Ligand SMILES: Nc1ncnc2c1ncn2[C@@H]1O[C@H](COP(=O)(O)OP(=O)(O)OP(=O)(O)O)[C@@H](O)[C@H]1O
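Here we start with a single chain on its own, the form predicted on its own, put down as structure tokens.
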Amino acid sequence: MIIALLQQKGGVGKTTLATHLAGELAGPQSNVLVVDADPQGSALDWTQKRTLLGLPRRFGTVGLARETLHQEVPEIARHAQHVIIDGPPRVTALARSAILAADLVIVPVQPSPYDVWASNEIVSLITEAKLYKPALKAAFVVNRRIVGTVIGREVRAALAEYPIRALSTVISQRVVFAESAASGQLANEIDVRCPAAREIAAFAADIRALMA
């Protein structure tokens, strides 16, 4: 399965979700590869931090910020159970290529009207891609919800007007995710019992259900 995380607006947590999803899907019988298609190379930076700390390899990471993703990633996917594309922060030819490469597109949305509005172009591209790939699946995930607020529910109501569904799991803004970015560790490696680790596990369960 090829999963692409894409959003027109930057700063929505695509790399954090991509690396954590890869960590959840990876295992002794499941080879997972993250394709860093963001020219900023954040997933590669995270992997380098992990390597420098001598932490064990959980999944592979390669940089491939090219507009030929739809041609190259399916070949890469022949050697992995799952490929996760950490996409660019803007709607470009690269984003279009990532959508065409994917079996499933996940669109992270922060609980903000600006993020909902910014989703229009990605949703349009997904709708267009379905003309060529009718089996293409897509879903929103609400990310970086501020704990103790109701705005997450309000955003889910706004997303209901789009032709793609929102996952049931909502991921909150938590300090452990900042620690993860700084240390090259996953949330469940920092504290396996923390709320962030539980939310990521639920997110991965939603993804597995979509892949079934």
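Throughout, we count residues from 1 along the sequence that is shown. Since the structure is predicted, the reported quantities are computational estimates derived from the model, not experimental observations.
Missing here is the form predicted together with the named molecule; even so, the following discussion is about that form.
- Contact between V12 and the named molecule in the model of the complex is found at the 4.5 Å heavy atom cutoff.
- For I164, no non-hydrogen atom is located within 4.5 Å of the named molecule in the model of the complex, even though that partner is not displayed.
- Heavy atoms of L55 never reach within 4.5 Å of the named molecule in the model of the complex, leaving it off the interface.
- Shown alone here, T169 lies farther than 4.5 Å from the named molecule in the model of the complex, counting heavy atoms only.
- Listed stretches are 156-164, 23-31, 58-66, 38-46; the contact stretch with the named molecule in the model of the complex is 38-46, by a heavy atom cutoff of 4.5 Å.
- Taken together, the three residues R96, V123 and T127 all stay farther than 4.5 Å from the named molecule in the model of the complex, as judged by their closest heavy atom.
- No residues of 190-212 lie near the named molecule in the model of the complex, the criterion being any heavy atom within 4.5 Å.
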